[in-house]
Ligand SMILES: Cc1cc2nc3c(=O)[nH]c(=O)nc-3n(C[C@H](O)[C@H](O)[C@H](O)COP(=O)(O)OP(=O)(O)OC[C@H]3O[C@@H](n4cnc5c(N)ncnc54)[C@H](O)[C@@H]3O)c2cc1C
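Only one chain comes next, encoded as structure tokens, the form predicted alone.
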Amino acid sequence: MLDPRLLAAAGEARVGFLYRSLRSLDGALSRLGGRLIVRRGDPAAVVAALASELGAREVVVTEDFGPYGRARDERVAQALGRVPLRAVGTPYAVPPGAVVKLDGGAYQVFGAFYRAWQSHGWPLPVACDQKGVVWRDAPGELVPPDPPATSGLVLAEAGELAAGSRLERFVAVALREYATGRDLPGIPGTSGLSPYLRFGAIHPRTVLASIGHTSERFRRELAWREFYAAVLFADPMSAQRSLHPQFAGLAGPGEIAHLEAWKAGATGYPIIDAGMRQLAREGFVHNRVRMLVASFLVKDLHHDWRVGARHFMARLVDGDLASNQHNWQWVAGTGTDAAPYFRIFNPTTQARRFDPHGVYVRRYLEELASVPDEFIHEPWRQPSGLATTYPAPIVDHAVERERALAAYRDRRGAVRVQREG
């Protein structure tokens, strides 16, 4: 079922990966004697019509916990009439809403959620049993072709087999060093599983069973995904508004020219530009660099977090509403964090620490390939000057940092006075 509303918001990278995932699923089904039939249109009308055509006694779907998915499934259930819609399973290790505080409220602090999430536990993965499956022919469109070719877009291999292979490589090669390797964008130190988790090509319970107790740090990263899903489930409007409204509106409106330079990877800060060019080229950004480019947009260029969140959702192959929106809020200081106002990443200091030899920067900024390590993160300091094709910094980080801090201090003081008054 291809929902035009979701496709329109997905962007080329995510749609391309989705189509490849569907073709891979069709290949797997064909080896079992079935085929994947795809239909397009309004889900309520299309699913109800298909159920009628097949004489279905019930319709079974994976439960969706997002705000749009929940509303959509309610409409589908109403359209089905007497045919029940049964939601089963979950794309999470623990369903959102299952881990709550003693008073029944949702957790707002990750550490407390993580402890409760681990105590709650989750079932082991269930083996797929194809015995007794009867395949039915139905009119519809076979798996869709690729979307129109995009200039320079490079996507990971899609499908369950690709997901399983990537998990195996990660466990064998990078998992034990994940705690340090995850922050180094120049090496393959992360799992690369996020697109597969996003599209259900692999289940988090499968990942958790594979890693066992090898890496507490990686388990925590999986739990962040579950935490943000739980936050969104409890407060669906947090996808569009700040969780802490007293800090909303601190950034912005920034200059449009600065926003466009950020999108194009032309800010003059190499680690920021490398991240944004990776996003444009691959529909993906390294996790450490995601924080840096987000901080730069909100606190150096003073744009509202929602501006960046929309751009990411339109470009990311692993774009997940809960994780994307709440990670942006975490960086902006409006989300699930008790003391966020002073967290402003210095792009140059961060680059020196996590990409000391400029491996990541040179991978995406070809015009800096010959710049010595000493100047790779500050090319404007070269005695010979800047490379002719690379821009000078569009802002002074030190100046913009103080501007952002002053805004946070003023707002925090105003809120305190209002509460005390």
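All figures in this text were calculated on a predicted structure; none of them were measured in a lab. So that there is no doubt, residue numbering starts at 1 and follows the sequence shown.
Below, we turn to the form predicted in complex with the named molecule, even though it does not appear here.
Novice: If the criterion is a non-hydrogen atom within 4.5 angstroms, does every one of Y178, N287 and F312 touch the named molecule in the model of the complex?
Specialist: Verified in the model of the complex; spot residues all in contact, yes.
Novice: Could you check which residue among D318, D337, E282, D304 gets a heavy atom within 4.5 Å of the named molecule in the model of the complex?
Specialist: Selected option: D318.
Novice: Which of L184, A106, M291, A201 has a heavy atom within 4.5 Å of the named molecule in the model of the complex?
Specialist: Filtering the options by heavy-atom distance leaves M291.
Novice: Does the named molecule come within 4.5 Å of any heavy atom of Y228 in the model of the complex?
Specialist: The answer is yes: Y228 has a heavy atom within 4.5 Å of the named molecule.
Novice: Answer with yes or no whether L80 is in contact with the named molecule in the model of the complex, where contact means some heavy atom within 4.5 Å.
Specialist: Taking the distances in the model of the complex, the answer for L80 is no, it never comes within 4.5 Å of the named molecule.
Novice: Determine whether any heavy atom of W328 comes within 4.5 Å of a heavy atom of the named molecule in the model of the complex, and answer yes or no.
Specialist: Residue-level check for W328: yes, a contact with the named molecule.
Novice: Determine whether any heavy atom of E221 comes within 4.5 Å of a heavy atom of the named molecule in the model of the complex, and answer yes or no.
Specialist: It does: once the named molecule is placed as it appears in the model of the complex, E221 has a heavy atom within 4.5 Å of it.
Novice: Using a 4.5 Å heavy atom cut-off, which of 80-88, 268-276, 98-106, 191-199 contacts the named molecule in the model of the complex?
Specialist: Going by heavy atoms within 4.5 Å, the stretch is 191-199.
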